[in-house]
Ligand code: NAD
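Shown next as structure tokens: one chain only, the form predicted alone.
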């Protein structure tokens, strides 16, 4: 039986990865500060521990694993990343996790480890035009991310690549572009745009208002969790190191996404544009490299995943209302 370790298994992407690996027949160990919030974990073993502590990492990597997935990070949406109030924690906590986990895997002679980087590491100067952002993998330098979260991701990419060059570790690096889906954070300040907009639409009756930060003309692409996991497994089991984008190339404005969600909910609401953190003006996944290397790229229309996600968030809002 093949074995896998999933770091950050209590979080959104990590918890979904545990489920997928179990379906594939893996023996899976998860590790996180907490269990998944919205459904029980099917992991064979789950360690509650802080990966900022090197002893926890050493304890976690106490046996061989065929595949290691490193999703653990201190992160959130624009309301968490772009305020400036969390910069020290974001850089310190995530960097420690990656330093410790790489060291523990190296000392245990574990070779194959996946690292989830982010499109936030791309230079701000290439993302000022909302209609024509440049997020090709080879445009990362000269570096100028628009947040400390992006700088930490860039540092950690280089850390993994250095372990690959110097110690022969079979690292795989993906730059994720806005992954969304059911069982993700949908309230509390760390949620990202899809879940936040779904919540706002679900909470308001027809004829109400929803707040949108900025003018809503900033562009993004959003990738449904199932396609994210498929791309991740394809990369992990290939001979390609990366870094490579894993994201949709269906770019939409935030206004358009809000309209899409209102259509799914069959509600007419007024969009009220208010001041708030927005990030770069434009970002879209450039999928030429992943298609050239793996013969695959995401293809599911945004609305398909958004429909599933809205229905799930609406159910959470309903439950919260009853319990409140």
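Positions refer to the first chain, counted from 1. In this text, all values refer to a predicted model and were calculated from it rather than measured experimentally.
The discussion below concerns the form predicted together with nicotinamide-adenine-dinucleotide, not included here.
This chain is drawn without nicotinamide-adenine-dinucleotide; in the predicted complex, the residue among 160, 186, 149, 224 with a heavy atom within 4.5 Å of it is 149.
Screening 49, 263, 54, 277 for any heavy atom within 4.5 Å of nicotinamide-adenine-dinucleotide in the predicted complex leaves a single hit, 49. Although the partner is absent here, residue 33 sits close enough that one of its heavy atoms falls within 4.5 Å of nicotinamide-adenine-dinucleotide in the predicted complex. At the 4.5 Å threshold, heavy atoms of residue 176 reach nicotinamide-adenine-dinucleotide in the predicted complex.
In the predicted complex, nicotinamide-adenine-dinucleotide stays beyond 4.5 Å of every heavy atom belonging to residue 248. In the predicted complex, nicotinamide-adenine-dinucleotide sits within 4.5 Å of a heavy atom of residue 72. Just one listed stretch, out of 21-29, 8-16, 311-319, 297-305, contacts nicotinamide-adenine-dinucleotide in the predicted complex at the 4.5 Å heavy atom level, and that stretch is 8-16. In the predicted complex, no residue of the candidate spot (128, 220 and 244) has a heavy atom lying within 4.5 Å of nicotinamide-adenine-dinucleotide. In the predicted complex, the residues of 98-135 lying within 4.5 Å of nicotinamide-adenine-dinucleotide by at least one heavy atom are, in order, 116, 117, 118.
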